[in-house]
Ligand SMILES: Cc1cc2nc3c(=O)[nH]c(=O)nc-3n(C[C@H](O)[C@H](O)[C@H](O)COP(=O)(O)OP(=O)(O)OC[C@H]3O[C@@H](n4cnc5c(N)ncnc54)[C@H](O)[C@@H]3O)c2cc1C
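This document starts with one chain, in the form predicted on its own, laid out as C-alpha cells.
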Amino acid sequence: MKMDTVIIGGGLSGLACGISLAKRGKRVTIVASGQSTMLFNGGSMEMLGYVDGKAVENPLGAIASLPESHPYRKIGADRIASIAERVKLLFSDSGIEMTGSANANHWRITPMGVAKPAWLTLSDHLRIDNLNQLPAKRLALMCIRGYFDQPNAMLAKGLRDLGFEVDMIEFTTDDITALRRSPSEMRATSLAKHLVSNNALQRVADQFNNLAGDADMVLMPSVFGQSDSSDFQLLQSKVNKPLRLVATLPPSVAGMRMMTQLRHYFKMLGGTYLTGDTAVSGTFDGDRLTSVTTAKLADMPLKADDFVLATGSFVSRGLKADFERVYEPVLGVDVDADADPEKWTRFGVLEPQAYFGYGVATDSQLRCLKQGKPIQNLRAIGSVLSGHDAVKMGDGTGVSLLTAIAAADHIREKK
C-alpha cells in the first residue's frame, strides 16, 4: 500500500514529524531500526544553549547570529517562534508535561551536578530559572543504596557549587533491597518497573518523610514512571515536602518515558511504526525518490508521495565514515564534510571536533541534495543534518524538533 509519507528513523525527530503529519490526516509510516538516543536524554530539550562558548539567555533572539548554514536559519527565525509553541503543544497532546520558554533558557542539572541551559524540562524534574534565585535553600539529596548510575558525590558538589545546601542521605526499602540481590537489576529502568505499586511508593515516601529533616526540597534520581508521570505524582502526594527528580546516567527513564508516550500518540493518530526494521536502499526516478526498501520487507518496497530522512548522526549510524569519506549509507545523498580525512578530528578529547558538524546537505526547504541537486520529495531532519554542532552549541534536541515540524509544514504546503 502506498503511504502519503515514509519517515526513515523512529527517534525524536522522526516521531515529531510523523505526529505533525498524522494530526493533519496524512497516512504515515515510520521505519525504526531500534533504540533511540533518547535513552541518553535526561528529561530536558535544548533549543540553543551556547553561541561562541557563551551561555545563551534568549534562544529566539540569538538565532539571528547563527551562520546561514545552521538548520535554524534555513527554517527562518520568523517561523521558529510559532513552531516552538507547537512543539510544546505536541508534547502536551502526547501526555508529556514540560515547562520552559523559547524566549528565556532555564538551567537543567546533569547527573554530574553541572548546570546547563535548557529550553524545556519535564515538570517533575529540577529546573532553575535564575542561578541567583535558587528554588530552594536546602536540599535533601536522596541516594539509593546500591544504585551506581548516579555519581552522588559529584552531584552534591555541583549543587553546592551552585549555592545549595545539600544533605546526602542514603536510603533503601524492602523492595530495593530485594533488587540488590542481582546487580544487573540496580539500573534506573529496573527500579522504575518495581517502584510502581502503592505500597512500594508508600515505603519510599516514609523514608523521605523520616530522613529529610529541615530540607526545603527532596531531590532524588529519576527512577519513576516508564510510561507516564503518574507514579511520581502519587509519590509526591505522599511526601510532605516538594519533590523533584534529577537526571541519571543512561539508561534514562525520563527519555524512555517520552519516547513511549510519543510512540503511543503517533499510533493513536493512525500512524504505522515499523519497529526493528532498517531502511537499506532507495529507488529514484529523476529528481524524486519513489520507494525505500527495508531489511525485513525486501520484497515489499515502501512507496510514498514524500519521504523524510531522520536517521541521526554517527551514533545512530545515519552517517558513516571509512578511511576516505563521510557518507549517508541508505540513499547516498550528499554530505557536507571535509574531503581531507586529516581535518575530521583534532587531538584531545575536549577539543572541538570538525566531524560533529558534518551531515546531510539540504536546500532552504530541507530537501536533500544528490549530486548537488535537490530531491523534490525527500527532506532531512534532526541530527543527520549538517551545519551545527550539538555538543558545542547545545542545540541537538531543538534541531530535531524544530526541523521535524518545519519539514512537515513543507510537505503539507507543497503544490
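Because the structure is a prediction, the values reported are computed rather than measured. Quick note: we count residues from 1 along the sequence shown, nothing fancier.
Another form exists, predicted together with this ligand; not displayed. Remarks below refer to it.
*Asks:* Of 60 to 68, 344 to 352, 38 to 46, 361 to 369, which is the one stretch near this ligand in the model of the complex, taking non-hydrogen atoms within 4.5 angstroms as near?
*Replies:* Answer to the contact question: 38 to 46.
*Asks:* With a cut-off of 4.5 Å between heavy atoms, is Ser190 one of the residues that contacts this ligand in the model of the complex?
*Replies:* Residue-level check for Ser190: no, no contact with this ligand.
*Asks:* Does this ligand get within 4.5 angstroms of any non-hydrogen atom of Val31 in the model of the complex?
*Replies:* Taking the distances in the model of the complex, the answer for Val31 is yes, it comes within 4.5 Å of this ligand.
*Asks:* Check whether Ser94 has any heavy atom within 4.5 Å of a heavy atom of this ligand in the model of the complex, and answer yes or no.
*Replies:* It does not: once this ligand is placed as it appears in the model of the complex, Ser94 has no heavy atom within 4.5 Å of it.
*Asks:* Can you work out whether Cys17 and this ligand are in contact in the model of the complex, taking contact to mean some heavy atom pair no more than 4.5 Å apart?
*Replies:* Contact check for Cys17: no, nothing within 4.5 Å of this ligand in the model of the complex.
*Asks:* In the model of the complex, which of the listed residues (Arg79, Lys267, Arg317, His194) lies with a heavy atom within 4.5 Å of this ligand?
*Replies:* It is Arg317 that has a heavy atom within 4.5 Å of the partner.
*Asks:* Ok, Ala279, Val326, Ala140, Leu179: which has a heavy atom sitting within 4.5 Å of this ligand in the model of the complex?
*Replies:* If I apply the 4.5 Å criterion carefully, the residue I get is Ala279.
*Asks:* In the model of the complex, which residues of 93 to 112 put a heavy atom within 4.5 Å of this ligand?
*Replies:* If the 4.5 Å heavy-atom criterion is applied to this ligand in the model of the complex, 93 to 112 yields only Arg108.
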